[in-house]
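Single chain ahead, written as structure tokens, the form predicted alone.
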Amino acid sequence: MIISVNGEIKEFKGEHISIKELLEEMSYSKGIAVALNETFVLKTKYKETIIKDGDRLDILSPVQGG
């Protein structure tokens, strides 16, 4: 399966993977937001939201400014 993660093409084994599994595989920690195909996904839905071949995933970290 090939998907875009933050604009970078990545390849994963299998036909699908949940957002939760992908975040664990890529060693992302807490404190992030995820958009799948330009739609933000609630954290409570990460486990059940399946990423498919060709999807676009954006993983965002909060930025504080002054």
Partner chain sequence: MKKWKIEGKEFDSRLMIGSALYPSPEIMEKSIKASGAEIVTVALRRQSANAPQCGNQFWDIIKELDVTVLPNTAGCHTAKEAITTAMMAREVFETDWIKLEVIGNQYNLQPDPFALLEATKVLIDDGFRVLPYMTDDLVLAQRLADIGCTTLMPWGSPIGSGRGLMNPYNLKVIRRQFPNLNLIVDAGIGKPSDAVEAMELGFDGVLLNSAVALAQEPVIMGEAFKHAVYAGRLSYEAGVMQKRDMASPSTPTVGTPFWHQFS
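Residue numbers count along the first chain shown, from 1. For clarity, every value in this text was computed on a predicted model and none was experimentally measured.
Keep in mind the form predicted together with the partner chain is missing from the figure; the text below concerns it.
Peer 1: Kindly indicate whether I2, I19 and K47 are, all three, within 4.5 angstroms of the partner chain in the predicted complex, using heavy atoms.
Peer 2: The answer is no: none of the three residues contacts the partner (heavy atom, 4.5 Å cut-off).
Peer 1: Within a 4.5 Å heavy atom cut-off, is K52 in contact with the partner chain in the predicted complex?
Peer 2: Answer no; every heavy atom of K52 is more than 4.5 Å from the partner chain in the predicted complex.
Peer 1: Quick one: name the residues from 4-35 with any non-hydrogen atom within 4.5 angstroms of the partner chain in the predicted complex.
Peer 2: Read in sequence order, the residues that approach the partner chain (within 4.5 Å, in the predicted complex) are V5, N6, G7, E8, K10, M26, S27, Y28, S29, K30, G31, I32, A33, V34, A35.
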